[in-house]
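What follows is a single chain, given as structure tokens, in the form predicted on its own.
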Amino acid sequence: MTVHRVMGIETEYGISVPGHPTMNAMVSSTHIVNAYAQHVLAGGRRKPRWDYDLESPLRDARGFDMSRSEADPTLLTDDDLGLANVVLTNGARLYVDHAHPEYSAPEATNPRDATLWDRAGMQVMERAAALASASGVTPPILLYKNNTDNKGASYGTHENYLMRRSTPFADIVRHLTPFFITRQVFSGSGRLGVGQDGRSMRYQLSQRADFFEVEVGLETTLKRPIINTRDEPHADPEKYRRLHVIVGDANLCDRATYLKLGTTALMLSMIEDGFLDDVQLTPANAVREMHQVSHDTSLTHALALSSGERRTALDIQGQYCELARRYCAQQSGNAIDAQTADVLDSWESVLDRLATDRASCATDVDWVAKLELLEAYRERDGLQWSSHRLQAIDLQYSDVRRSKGLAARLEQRGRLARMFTDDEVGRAVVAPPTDTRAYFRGECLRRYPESIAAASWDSVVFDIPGQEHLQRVPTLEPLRGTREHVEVLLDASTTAADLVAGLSVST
């Protein structure tokens, strides 16, 4: 009934080595991760490996497992390829995902915290690039929080939400498909270029939309589906389903990330409780409509629905917003928590302003902020949309360097909304959320670095002196291992051996 649920974001960052166009992206990404790992693990401390043992990336929510022989290699995320891979004290994972450095934020319980630790990832990446560039091992490397190189390649910003396992997957598909297609109006990051190769120099709402080709499927890099069916909960599979959302853009604006997460969380609650069972908003052709919504900056395109109706994206989002208000009132009465109320108010506000005063959304919506920036340069210098200068500005918007990135510059001038102070972000770079299992993972890495052999979302593996075998501590329940649950035990455990012994007693 609220926006509170376990969630998080994983982001692949665009990477460039200016002056070295043939530089291998995997090698460059390795330099990035290793430079940061050496920085945070200074003093020769042990670097824990990622624990792949419990992963199952080919399990499909439709009730089957894809054969490994049939799977594209990019789906085999449980293969240890020996690439740079480090677990951070804030509970996040920083690693090389094929041709990109990726930051997977720790689990959070609400959209504000998930946005904060995603924001911390930008600072991690900024620092990592600076360290790699200063090492002398590689030419200077630039990182971008974006989703396409405008030459045919796209890389992901994936959201993850835990749901009740009992929720029929068909209901998820039916209700989230029109929601995902239309939420681009406030969650798109903006892109100069239409088509996967960006050959047509027009502006559109989303960087990811043109790369989706099917409605439902397991793939994430080929034949990308609007609804991804990966069934890998990283939690108790009898209780939880992890909804792996791959349609989202990499947002630079905090408010856009927050609204994207919050509105999706509300949709999931309504789906779980059957509140949307009578709602019929299924598009006649979901993939085509996803592209068309993104291509229409006027926001007037009317989607063709299977019912025969035609509705704009703003209309559809407005209906979902109204239903969410009704749902929350029905479930909670006047006891709606503050963050849920804020998401509802922000959702309604941004939809109203997009319809009546789009310019006022430039502080909260990335695609509007970037479009205003591009239009200002076009007007001042008489530029055509095909201008290479505009393409450079489009890219520079997402530069992670706070001194160079145009989104960061807008933020510094108060023209892009910011939700967090420097101190809050700085703390999130090194410390985990306190109300999920990420607290246990991060604190173990901070307190007992030499004794952690491996870690993952659902386990921490200890190497205890004198013990013949490694000791795996499962963390299948995301809401255990919180500060409330384990801080006293951690404080009382001088060594990892003390901790493991204490855990054995407590269970």
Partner chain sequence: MSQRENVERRATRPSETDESVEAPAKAESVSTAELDAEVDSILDEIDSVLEENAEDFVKSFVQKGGQ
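This structure is a prediction, so every number in the text was calculated from the model and none was measured. Positions refer to the first chain, counted from 1.
What comes next is about the form predicted in complex with the partner chain, which does not appear here.
*Asks:* Is Ser16 near the partner chain? Define near as a heavy atom within 4.5 Å, in the predicted complex.
*Replies:* Output for Ser16 is yes: heavy atoms within 4.5 Å of the partner chain.
*Asks:* Can you tell me whether Pro168 touches the partner chain? I mean in the predicted complex, with a 4.5 angstroms heavy atom cut-off.
*Replies:* So Pro168 does not count as contacting the partner chain.
*Asks:* Consider Ala99 of the chain shown here, and say whether it contacts the partner chain in the predicted complex, taking contact as heavy atoms within 4.5 Å.
*Replies:* Yes, Ala99 sits close enough to the partner chain in the predicted complex that at least one of its heavy atoms falls within 4.5 Å.
*Asks:* Any chance Tyr377 has a heavy atom within 4.5 Å of the partner chain in the predicted complex?
*Replies:* Flag for Tyr377 set to yes.
*Asks:* Though the partner chain is not shown, can you say which of Leu142, Val173, Leu268, Val350 has a heavy atom within 4.5 Å of it in the predicted complex?
*Replies:* Only one option qualifies, and that one is Leu142.
*Asks:* Among Phe275, Tyr203, Phe179, Tyr155, which has any heavy atom within 4.5 Å of the partner chain in the predicted complex?
*Replies:* That would be Tyr155.
*Asks:* Choose from 417-425, 431-439, 105-113, 389-397 the stretch whose residues reach within 4.5 Å of the partner chain in the predicted complex, heavy atoms counted.
*Replies:* Flagged stretch: 389-397.
*Asks:* Is any part of 449-488 within 4.5 angstroms of the partner chain in the predicted complex by a non-hydrogen atom, and which residues would that be?
*Replies:* If the 4.5 Å heavy-atom criterion is applied to the partner chain in the predicted complex, 449-488 yields nothing.
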